[in-house]
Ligand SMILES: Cc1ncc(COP(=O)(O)O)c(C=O)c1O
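Only one chain is shown below, in C-alpha cells, and it's the form predicted on its own.
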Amino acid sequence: MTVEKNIFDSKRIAIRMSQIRPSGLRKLFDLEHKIAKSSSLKILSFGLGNLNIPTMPEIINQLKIALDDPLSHRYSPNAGLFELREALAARYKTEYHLDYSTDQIVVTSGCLEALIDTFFALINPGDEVLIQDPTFGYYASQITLAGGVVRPIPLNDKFELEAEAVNEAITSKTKALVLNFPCNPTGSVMNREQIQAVVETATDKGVTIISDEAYEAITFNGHKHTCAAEIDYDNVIIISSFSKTYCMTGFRVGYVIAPPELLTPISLVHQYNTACANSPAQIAARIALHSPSSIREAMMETLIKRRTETIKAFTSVKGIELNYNPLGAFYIYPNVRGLGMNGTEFSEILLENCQIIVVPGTEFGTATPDHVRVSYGFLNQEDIREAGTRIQSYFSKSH
C-alpha cells in the first residue's frame, strides 16, 4: 500500500518536512520497472550520476591487506584518519598551492553529508542561499531542511554563472552562495577569470562561498579546474569527495576543507550527526591518494570515448541541440525543444518507445524545462551507440 497524499500533514511529523518532496525521478524509475517486465529490449540508463568503471584493482588489493589489521575495524577520529587528512592537505598544496593543516579538514560520509553539515552549521532560519539554476537537486532540499531560503540564479546560455547575476541576486538576507563547477547536471565549466569574478563579487558583499568541487578531476580538452579557494582562501568552504575522481561512489568518502572559524561549527554538526566516516573506506581513500596517476588516466580515457559517443548519439537527431561545450563531469544537457516537446515529455517518450532513460531538466530547477540530463558514466561505448541507433530510428519514423 502506498501512502503519499497526506504523509506530511500528520501532527507527528516536523513542519519542515511539509516543504520536502521525494525526487520526481521516482515516477521515471517506476515506469522503468514496469517497462522492463514487458520489453525484450535492454533498458539503457543515462539517468544516474554513477560510474560503472570498477574501482582500480591496485586500490582494492591494498585495502584487503589493510583490513587484516584490527585497527582498521574501529572508529576513526571524528575528523577522519590523520593520514588521510595529511594526504589531502599535501594534495591541495601540490595541485592548488593552498596551505591547509590537517585541522582544517573533516572527512565525511560522502559529499552529501559534507553539504548538509555545512548548511546546518551556517544557515539561520530565513537566511537566503544562492544556488545555480540548473543545479544539483539536493541543494535546495538540504537548505530548506536547515531553515534557509533558496534563491536560484539562472545560468547563461553556456551554463556559466555570471558575476553580474550573482551581484543582482544578493540581498541583505543572503548568507551563502553554492558554487558547483564542473557542474551537475550540465557538465559545464568556468575558467579562472570567471570563477574569480564570482568569488570576488560574493566576498565583497560578505557572502560565504560553498564550493562543491566533486567533479574537479573530470575535465576534458585541456581544461584546468580552478579551486575557488585559490581566489579567496578565507571565505571559501571546499566540498569534495573520492566518488567521481577514483570511481569510489559506493565507498561514500567526502570531505570539507575550510578556515578554522568556518570548519569548527561544521565539524560539530558532523560529530553529532555521523561521529566519523567509515574507517575501511577512509583507508581506501588514503590508498587512492597515493596511487599512481595511471589509475585516473585510464578512467579518463574511458570517459573521453563515452563522451564522444554520447554527444554523437543525441545530437545526430534534428531538433536535439547542444549549444555549448560540456567540458567537465560526465553529463551533457541537450535542449529538446526543437522536437516540439519539453524535457519531461521527451524523457517519457524515450523510455516508453526506446527503453532509454534520461532525466528531465525540471529535476534541476525551473529555468531549463526543455532540457534533459544525459549521464554517460554508467554505460559502455557499445550501449551508447545502441542508444543512438534507437533514438535515430524512433524520431526518423515519428517526424
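Since the structure is predicted, the reported quantities are computational estimates derived from the model, not experimental observations. Just count from 1 along the sequence shown to find any residue number.
This protein has a second form, the form predicted together with the ligand, left out of what is shown; the following refers to that one.
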Response to the item:
Only one of 83-91, 212-220, 316-324, 148-156 sits within 4.5 Å of the ligand in the predicted complex by heavy atom distance, namely 212-220
Discussion item. Check for me: heavy atom within 4.5 Å of the ligand in the predicted complex, for each of Arg307, Pro334 and Phe378, yes or no.
Written reply: no
Discussion item. Even though the partner isn't displayed, in the predicted complex is Leu112 close enough to the ligand, meaning a heavy atom within 4.5 Å?
Written reply: yes
Worksheet entry | 4.5 angstroms heavy atom contact with the ligand in the predicted complex for Asn235 | no
Worksheet item: Is there any non-hydrogen atom of Arg252 lying within 4.5 Å of the ligand in the predicted complex?
Response: yes
Discussion item. I'd like to know whether Ser243 contacts the ligand in the predicted complex, with contact meaning heavy atoms within 4.5 angstroms.
Written reply: yes
Practice prompt. State the residue from Asn180, Thr226, Thr208, Thr201 whose non-hydrogen atoms include one within 4.5 Å of the ligand in the predicted complex.
Written response: Asn180
Discussion item. Within 4.5 Å of the ligand in the predicted complex, counting any non-hydrogen atom, which residues from 134-157 show up?
Written reply: Phe136, Tyr139
